[in-house]
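The chain below stands alone and is given in structure tokens; this is the form predicted on its own.
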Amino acid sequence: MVKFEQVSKVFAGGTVAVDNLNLTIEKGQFVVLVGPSGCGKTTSLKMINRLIEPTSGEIYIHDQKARSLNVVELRRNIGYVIQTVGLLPHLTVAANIALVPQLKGWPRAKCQERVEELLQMVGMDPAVYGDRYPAQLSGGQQQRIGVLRALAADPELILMDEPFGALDPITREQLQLELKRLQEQLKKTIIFVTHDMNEALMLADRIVIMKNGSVVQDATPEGILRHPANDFVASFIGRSAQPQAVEELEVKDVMNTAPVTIEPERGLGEALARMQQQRVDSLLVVKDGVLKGTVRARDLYPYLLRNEIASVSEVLSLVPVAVKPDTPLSVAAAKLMDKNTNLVVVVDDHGELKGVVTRASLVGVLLENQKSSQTTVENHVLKAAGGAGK
């Protein structure tokens, strides 16, 4: 799909941004370029759609040299999402999404149908949001529209340059999960740039770690976690290069014993304020210590937009996964993977809430206490991090 063949970029003054890059990205892969500032990841991305031209070497798209293609047509056939969104402020949401299809000559009815399809895909009612302008949207909503605009003309290839970097942690995690869901559904080829290793681990099929314009390691998330290529990679992912022995752990050994909770009779405004204050996107609903369910930010918005007065009890959902404190950690990890959820709730025999185990905490356990042998715990933790079992 995309191939870099001995590609280098040297800027005026002699700064080497990319140094002899050789990289092949297959159709349908979600590849994340990650590394510290100045490592060459964004320059590499921009050379694909010729926002930056390489100094030497060749980039191929579908076996054609990128530099031989008409640059306007090239860019219209590649989705592109950036951190600053770049929506046109004088156009409505619908017009922003339909921009590239219109430039490609799609009929008006087909453009409208595509806009409605995409908005519904991310849970945004076309009747509510289609005629709004970017200034009337939150930061997260604007970024959703930016992603939809990149998808609008149904390109096979999408480039994403730190698209969620400017968002608050709650919105960022929501959009990461949404993007992962869309990729599983649409099977696009995505090349995604970030400096955040946790984001790379969550999203990628394959991670390319860069330093000083070169590739230091190119592997699956599983491969990088298990076998960092050198001290730089080990340091970047946050652990020693030498694996440490790990004991068989139970859920109670790693669970967070102080999750963010709310009572069922509380109002939705208070629930949202608590989420924002604690930087989470869901709350556990507890009455007299007993777990009643969970309430998610996305379930609150329809009520809040309509200014409806409602209590948490009216919107709570059942907890998707619950385990006991003495459950083996490997079982909790498997449940996280199988149920496609971000947390496992820990309750005792009487239903009282004792804590939670999250994907992030499982990855942390792996990074700090990885076994040299492939134990059941290690395998399930890696799968929960999105890196194994493919």
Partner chain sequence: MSQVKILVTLNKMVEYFAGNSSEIWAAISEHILLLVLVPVGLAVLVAVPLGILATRYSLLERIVMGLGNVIQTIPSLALLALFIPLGLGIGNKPAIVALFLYSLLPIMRNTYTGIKGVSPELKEAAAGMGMTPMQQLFKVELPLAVPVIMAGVRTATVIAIGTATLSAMVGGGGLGRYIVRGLQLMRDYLILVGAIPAAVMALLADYGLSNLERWATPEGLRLYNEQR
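The term rigid core refers to the maximal set of C-alpha atoms that superpose within 1.5 Å between the two forms. Since this is a predicted model, take the numbers as computed values, not measurements. Positions refer to the first chain, counted from 1.
There is another form of the same protein, the form predicted in complex with its partner chain; it is not shown, and what comes next is about it.
The closest non-hydrogen atom of residue 166 lies beyond 4.5 Å of its partner chain in the predicted complex. In the predicted complex, no heavy atom of residue 311 sits within 4.5 Å of its partner chain.
For the chain shown alone, residue 280 is not a contact residue for its partner chain in the predicted complex, no non-hydrogen atom being within 4.5 angstroms. Mapping the unseen interface onto this chain, residue 88 counts among the residues with a heavy atom inside 4.5 Å of its partner chain in the predicted complex. Contact with its partner chain in the predicted complex, defined as a heavy atom within 4.5 Å, holds for exactly one of 76, 114, 180, 172, namely 76. Residue 72 is the only one of 318, 127, 72, 109 with a heavy atom lying within 4.5 Å of its partner chain in the predicted complex. Per the 4.5 Å heavy atom criterion, its partner chain in the predicted complex is contacted by stretch 88-96, the sole one of 212-220, 256-264, 295-303, 88-96.
Although its partner chain is not shown here, in the predicted complex the stretch 33-65 places heavy atoms of 46, 49, 51 within 4.5 Å of it, in sequence order. Once the cores line up, the CA of residue 185 ends up less than 2 angstroms apart between the shown form and the other one. Shown in the overlay between the shown form and the other one, fitted on the rigid core, is a CA shift at residue 129 smaller than 2 Å.
Once you line up the core between the shown form and the other one, the Cα of residue 301 ends up 2 Å or more from where it was. The pair residue 269 and residue 173 is at least 3 angstroms farther apart at the CA level in the predicted complex than in the present model. The pair residue 278 and residue 194 approaches in the predicted complex: their C-alpha atoms are at least 3 Å nearer to each other than in the form depicted.
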